[in-house]
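The chain that follows stands alone, in the form predicted alone, written as structure tokens.
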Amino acid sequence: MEAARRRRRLALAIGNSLRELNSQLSLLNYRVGAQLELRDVDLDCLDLIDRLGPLTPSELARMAGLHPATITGILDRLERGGWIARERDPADRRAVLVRIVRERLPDLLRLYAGMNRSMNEIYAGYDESELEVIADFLSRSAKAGRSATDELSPS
């Protein structure tokens, strides 16, 4: 009985910490975006392009959960700012691929340096097996988030 109560308290604490982390990362992204004159959604799309790109605009729209017309406006802003480049797909010359402009990344990384430093200090406090558990938890949590998002997506 006591073990079950402790487990519920720990699960609640984890959930609350994830909610607080979400709030703090949202605020950090907002402040980074404000300094770079980028909207939150611009940063989200830039992150997707960086992690998964190059992407077609329709792939980006699907992954970001945005309407293709909305993606066009975002890509126009990112291109004007020198953050992304649109190029012809070498495999299909009719298609366009969007890639990140690597030369701009230091501008972004500079603003996230404090968070990255703090995260490195946190990682240093865990051994390899603990980091494996944390990585698994976060990976499974992200997958759960994708599934919940997909369930709410319009068909």
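So that there is no doubt, residue numbering starts at 1 and follows the sequence shown. Values in this document were obtained by computation on a predicted structure and should not be read as measured data.
Not pictured, yet referred to below: the form predicted together with the DNA.
- Between the DNA and the residues L43, V101, M115, V96, the one pair within 4.5 Å by heavy atoms in the predicted complex involves V96.
- The shortest heavy atom separation between E130 and the DNA in the predicted complex exceeds 4.5 Å.
- The DNA in the predicted complex is approached by H67, whose closest heavy atom lies within 4.5 angstroms of it.
- The DNA is not shown here, but in the predicted complex it comes within 4.5 Å of a heavy atom of I74.
- Contact check for D92: a non-hydrogen atom falls within 4.5 Å of the DNA in the predicted complex.
- From the list 121-129, 43-51, 84-92, 106-114, the contact stretch for the DNA in the predicted complex under a 4.5 Å heavy atom rule is 84-92.
- Heavy atoms closer than or equal to 4.5 Å to the DNA in the predicted complex belong, across 13-51, to the residues Y30, R39, V41, ordered by sequence position.
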